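One chain is shown next in structure tokens, namely the form predicted on its own.
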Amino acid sequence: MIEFYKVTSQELEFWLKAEGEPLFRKKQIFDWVYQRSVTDWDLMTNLSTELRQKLKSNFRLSTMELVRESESDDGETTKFLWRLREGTYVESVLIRSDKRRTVCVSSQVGCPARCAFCASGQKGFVRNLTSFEIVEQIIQINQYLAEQGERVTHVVYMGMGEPLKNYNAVVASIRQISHEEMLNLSQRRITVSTVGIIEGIRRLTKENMQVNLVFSLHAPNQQVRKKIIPYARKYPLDEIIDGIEEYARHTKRNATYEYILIEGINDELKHADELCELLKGKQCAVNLIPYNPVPGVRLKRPKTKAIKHFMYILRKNRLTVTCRYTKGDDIAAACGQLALQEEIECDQKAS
């Protein structure tokens, strides 16, 4: 049995020819799967009964089970918990903002980066997701949105995992998401976040894609980074920034530097001054994110006054700065909070 979401346009053509089916069936099948988000072959009513049976016998559509969806109090964020075939779990987040419907997808079960401020790596790394498991998160959320007459407009690889440590599957999923016969989402509406995997950044630069690249900086120097980001011991900050700059020049897309503000760690005025010096003249924007509390982690969000002062210094030095409004923190769906608390509950119920 083959997972359908990893089948290319050409591969489906070959299969249809081998089965003696006309090639116009490819467009019909892709329309049902990618545009209408249908995950049951029997519901594809303009296909013959014989073809539907062949598809059912050869291709698997759904590979993950929705265990739970959690809605934030303001109705702007929905978190989805998926059970994979072997019994592990991942989470995705739907964020509503004006007309945008952004899906934050996971790329790994757990996370190898184990950043001090992030819940996703607390249980360690389990495995990479396949490209079709990444794509299915979007397909299923599109199905959820279809009931409201809506559709996913943006995709961000900012869920569980370090995307560039699952490079091949992430790039393959991006090509599917943006393929005109599949989800047909502009690559300019797709964002990949990385903690600074240099070899991955360099490979991505050569892919001839137009996706947005976000660097999880979180510190103005290598010394502070090493305290909160284990990968910083392997990847020097100056080399990462060189790679980010090369990506920005090659794609003509401004890079974004994310900076989680943590009280007493990286939120002082001297850190703001140092960050201005580090990014001076760079083709970039800075996204400040006040720390979102994680159970069991003894870190604190800075006071509002400190956040405003930090932002003021950056803007005074002519950096483009935004401060991310926290969404979904009441359901543990905000930045850094995806930790599968529900997984623990589900496993306890099962036992």
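These numbers come from a predicted model, not from an experiment. The first residue of the shown sequence is 1; numbering continues from there.
Omitted here: the form predicted in complex with ligand SAH. The next part is about that form.
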Query raised in the report: Given that the partner is absent here, does Glu162 sit within 4.5 Å of ligand SAH in the model of the complex, heavy atoms only?
Result: yes
Query raised in the report: According to a 4.5 angstroms non-hydrogen atom cut-off, is Thr194 in contact with ligand SAH in the model of the complex?
Result: yes
Requested in this report: Answer yes if any heavy atom of Trp32 is within 4.5 Å of a heavy atom of ligand SAH in the model of the complex; otherwise answer no.
Outcome: no
Query raised in the report: So, in the model of the complex, is Glu258 in contact with ligand SAH at a 4.5 angstroms heavy atom limit?
Result: yes
Query raised in the report: For the chain seen here without its partner, which of 233-241, 79-87, 174-182, 153-161 has a heavy atom within 4.5 Å of ligand SAH in the model of the complex?
Result: 153-161
**Report entry** The unique member of Cys284, Val294, Val38, Leu47 whose heavy atoms fall within 4.5 Å of ligand SAH in the model of the complex
**Finding:** Val294
Report summary line: The one residue among Cys118, Val170, Val135, Val93 placing a heavy atom within 4.5 Å of ligand SAH in the model of the complex is Cys118
